[in-house]
Ligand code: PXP
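As structure tokens, one chain now follows by itself in the form predicted on its own.
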Amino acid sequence: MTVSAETLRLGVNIDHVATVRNARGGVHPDPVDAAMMAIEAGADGITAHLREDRRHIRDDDIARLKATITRPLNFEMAATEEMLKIALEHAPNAACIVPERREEVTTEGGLDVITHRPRIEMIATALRAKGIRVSLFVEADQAQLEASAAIGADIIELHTGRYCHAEGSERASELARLARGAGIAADLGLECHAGHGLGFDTVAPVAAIPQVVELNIGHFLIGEAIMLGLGPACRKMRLLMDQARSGGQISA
């Protein structure tokens, strides 16, 4: 399966705009305003993770995002009854089920679909019945990808953190693993996304993997927004993605 350059999408995660807001209290900066700025700068979708402890995005943010933004909303959620109820209430375009532990600073790895299959399958079935696309955040592991397809997921998002943190030959090996995983996902009929830790210096090789149709990027862009502004940071990321896809080279 091959994917054309034109289909590579940029999803912008606005969680950490809410982190800054919550550090001081009040309403500024507003993640909904940030979402609209990202869309104006070329984002194809917006991602927001409503964590169980509400450390950044809050319930009212999800409601306002759904009512306001002009691009698809990707709702990241833990595999819990509470989050399922919220997803069903707001009916985002997609719900991405991610592993979540209260003590972690950020998502530390892919979802173990095999071990938690009964719960994940139950949640996926309920989401799909509501017309919500089901995405699973997983490692580029064949067994996990096959389990994701077996429970009826529409999308998998490959965890790119290990690739981003690696160096030299190890990074090349991790990139190859992602490319193999993307190929397996496509052969299984799964739409393939990727994300976690991607920045200006790491995005191009992943963007060049032809089966990947969407990259979801958040923390790096919000950090760069402090220096460049959110619009310029999104536009630079969009340019790097497009250049990488049009060149068609996959290299470390």
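Residue numbers run from 1 along the displayed sequence. The structure displayed is predicted, hence computed values, not measured ones.
Heads up, the form predicted together with this ligand isn't pictured, but that's what we're talking about next.
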Of 91 to 99, 168 to 176, 139 to 147, 118 to 126, the segment with heavy atoms within 4.5 Å of this ligand in the predicted bound form is residues 91 to 99
Name the residue from A185, V212, I217, A35 that puts a heavy atom within 4.5 Å of this ligand in the predicted bound form. I217
So this ligand isn't shown here. In the predicted bound form, which residue out of G45, P205, G42, G197 has a non-hydrogen atom within 4.5 Å of it? G197
Going by heavy atoms, what in 74 to 88 lies within 4.5 angstroms of this ligand in the predicted bound form? E76
